[in-house]
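Below you'll find only one chain, the form predicted on its own, shown as structure tokens.
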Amino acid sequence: MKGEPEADEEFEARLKAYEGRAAAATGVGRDPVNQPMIRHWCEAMGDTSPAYTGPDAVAPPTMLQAWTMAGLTHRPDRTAAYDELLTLLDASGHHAVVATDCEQEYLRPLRPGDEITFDSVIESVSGRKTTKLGAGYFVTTRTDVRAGGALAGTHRFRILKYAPAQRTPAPAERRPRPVVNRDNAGFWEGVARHELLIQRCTACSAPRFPWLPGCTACGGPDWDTVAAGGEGRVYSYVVMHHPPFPAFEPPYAVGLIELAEGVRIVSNVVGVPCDEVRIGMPVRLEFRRYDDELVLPVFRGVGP
């Protein structure tokens, strides 16, 4: 694409030379594996497995990376080799970065009291790849996590270092359309009538949202609907500043709203400055028309 650095065999050979070199010096987890962190993680994820509580508790496997994190005020012990690699990519015009994916392998469970050590290696640097964001190189690091000297798991983390593609300003775009299918068509028909419909299992009366073909509580396939009264509270939220997205004007607040009926829905919080949105804030359902075709439920802040 115009304005992007060209691929160069000599340059790519220099990048490949970093494969196999250490990315981080031997690190020590800031805290031993501990029950409070496990409890917070499970509460955040809604995971109620009994394997993570009690005297024989283990840590959820997906917490593997959590025990290695440096925190907000500590810089990871990156090696000179890893810094050199990133500097080389920056200097060649690939100065933008985005995390693309990670993968983990679990070899043994971690238990409260385990002392964690870890080390990272630059596992691979790809050839030049062209993406919608721009052309660049995928850099994969592998972190081996140990407890008591024994390998407990492996965490691979991949980033894309790229040169942003040159783009012409896009014309004003419509807000994205919701995906309507046979499982949720009734919900969107209700929205068009300015009703927010919640599914209710006819076997056990459990409410559910978003709409699903069967009850997650009892497995029953039959259901009816109940219209939400419109009262709710902000259960959690984020304020979006970046990246910009056509048809959206940052900053704006996206909330996880807990309705009085006992289900939660993700939508915009409106009517108050986004930096004044707070967890627990009462909100009221309203329907906002964005164009001739699109009506969406949003929630207006109604109190501190």
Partner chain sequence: MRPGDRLPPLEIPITRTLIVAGAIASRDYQDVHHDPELARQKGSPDIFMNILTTNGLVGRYITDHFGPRARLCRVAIRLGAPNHPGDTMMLTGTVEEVDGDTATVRIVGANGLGKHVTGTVTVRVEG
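Heads up, when I say rigid core I mean the largest set of C-alphas that superpose within 1.5 Å between the two forms. Positions refer to the first chain, counted from 1. Please read all numbers here as calculations on a predicted model, not as lab measurements.
Quick note: we don't show the form predicted together with the partner chain, though the next part is all about it.
Residue contact with the partner chain in the model of the complex: L86 places no heavy atom within 4.5 Å of it. Of the heavy atoms in D47, some are within 4.5 Å of the partner chain in the model of the complex.
At the 4.5 Å threshold, heavy atoms of A99 reach the partner chain in the model of the complex. Within this chain, R278 is remote from the site of the partner chain in the model of the complex, having no heavy atom within 4.5 Å.
This chain is displayed without the partner chain, yet in the model of the complex the stretch 105-113 from 220-228, 180-188, 196-204, 105-113 comes within 4.5 Å of it by heavy atoms. The candidate spot formed by P213, R264 and G271 is out of contact with the partner chain in the model of the complex: none of the three has a heavy atom within 4.5 Å.
Between the partner chain and the residues R128, R208, R233, R158, the one pair within 4.5 Å by heavy atoms in the model of the complex involves R158. This chain is displayed alone, yet in the model of the complex one of A57, L256, M240, A70 has a heavy atom within 4.5 Å of the partner chain; that residue is A70. Relative to the superposed core, D31 shifts its CA atom by 2 Å or more between the shown form and the other one. Once the rigid core is used as the reference frame, the Cα position of H40 differs between the shown form and the other one by 2 Å or more. T53 is among the residues whose C-alpha shifts by 2 Å or more between the shown form and the other one once the rigid core is aligned.
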